[in-house]
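Shown here is one chain on its own, the form predicted on its own, set out as structure tokens.
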């Protein structure tokens, strides 16, 4: 097991490829389930959940598992919001004797009284007796005095605990962004508790596939799914382990799956999950000890999606068309990753009005359709179906057309799921 798995997994013995090939696997028609039912099955999975404390410098993209509570007031003292001269706001003087110069990080030594001030820099602690700053632009410094020439309309002081108080919740659990790292550091935490990263294995199936850089033969295409899934995994902050292209051969697929099961917490396969003569993935997975939890979901694209489990290993068989692979990873695999970290995955969604209507004949499934959301306008992209990966590059979101709905009209307000 590579570093980052949830736990050391105990594996039962696998059947050998030779004995497996003699099994007569029957491809039966499986009832298609709705998305909500599939999500409930994913969210019902339990696993020993562990965490680790890591330096905040390494925490970008990791999943923080607990609320972050502030141990201190922010700011911890009244401080200057501007460079200037700290005075008492009740002092009507126009000329103030400068008692000291206070830089950020200094502790003031003098008490400000009537007719006096302290020269102060942005971020510095306010001296006793002062509650207002005359900006440097509004006064001249002459022979040890600050002479005000323009009225100061604002206080220019950030009060103690103005931003938050000790005990306040600062951050909710979730995937850490750059701004979150800064907030954690501002609280004085050198480390943060995050979910351990699962190792996610990636296998792409299909004798027709070639890797980028190789020469294509007749009837062959380039393997996009292996690289797309690996990148998708990296975007979640998890480890990926790529097993390459597995040809449409039972024995080769069996051995690759057995190896992935021995090394990974989650295993993803693309292709080979439908009902074709060479779609061996379901039978090979079950031959390696996986229990199928669902197979076929009422989603477009992505209907043949398979989800199963062996001990504490979770397995997805994703459809081979690249848009189907992208959509099912985004909707289902991400949900599992966050669920196992103790969180509910909630993608960002936005509202907008359709620039043109969308009609469809097949209303049996919930459809994810690529769109461009810009300034409240939702523009459907040119989309030719689940093999049209370029459409996803043009899009920055997807609209969700529920099953039973045949049309979204032009001008209708729709929700856009960010991608």
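Numbering follows the first chain given and starts at 1. Just so it is clear, the model here is predicted, and its values are computed rather than measured.
What follows is about the form predicted in complex with ligand AMP, which we do not show.
S.K.: Is there a non-hydrogen atom of residue 270 within 4.5 angstroms of a non-hydrogen atom of ligand AMP in the predicted complex?
M.R.: Yes, residue 270 is a contact residue.
S.K.: Would residue 208 count as touching ligand AMP in the predicted complex under a 4.5 Å heavy atom rule?
M.R.: Heavy-atom contact with ligand AMP at 4.5 Å: present for residue 208.
S.K.: Give a yes/no on whether residue 116 approaches ligand AMP to within 4.5 Å in the predicted complex, heavy atoms considered.
M.R.: Looking in the predicted complex, residue contacts with ligand AMP do not include residue 116, since no heavy atom lies within 4.5 Å.
S.K.: Look up in the predicted complex whether residue 195 has a non-hydrogen atom within 4.5 angstroms of ligand AMP, and give yes or no.
M.R.: Contact check for residue 195: no, nothing within 4.5 Å of ligand AMP in the predicted complex.
S.K.: Since exactly one of 255, 263, 279, 152 fits, which has a heavy atom within 4.5 Å of ligand AMP in the predicted complex?
M.R.: Spelling it out, the residue with a heavy atom inside the cut-off is 279.
S.K.: Tell me, out of 201, 84, 127, 319, which residue has a non-hydrogen atom within 4.5 angstroms of ligand AMP in the predicted complex.
M.R.: Answer to the contact question: 319.
S.K.: Quick one: which of 291 to 299, 99 to 107, 208 to 216, 127 to 135 gets within 4.5 Å of ligand AMP in the predicted complex, going by heavy atoms?
M.R.: Looking at the partner contacts, the answer comes out as 208 to 216.
S.K.: Suppose contact means any heavy atom within 4.5 Å; which members of 150 to 175 contact ligand AMP in the predicted complex?
M.R.: None of them.
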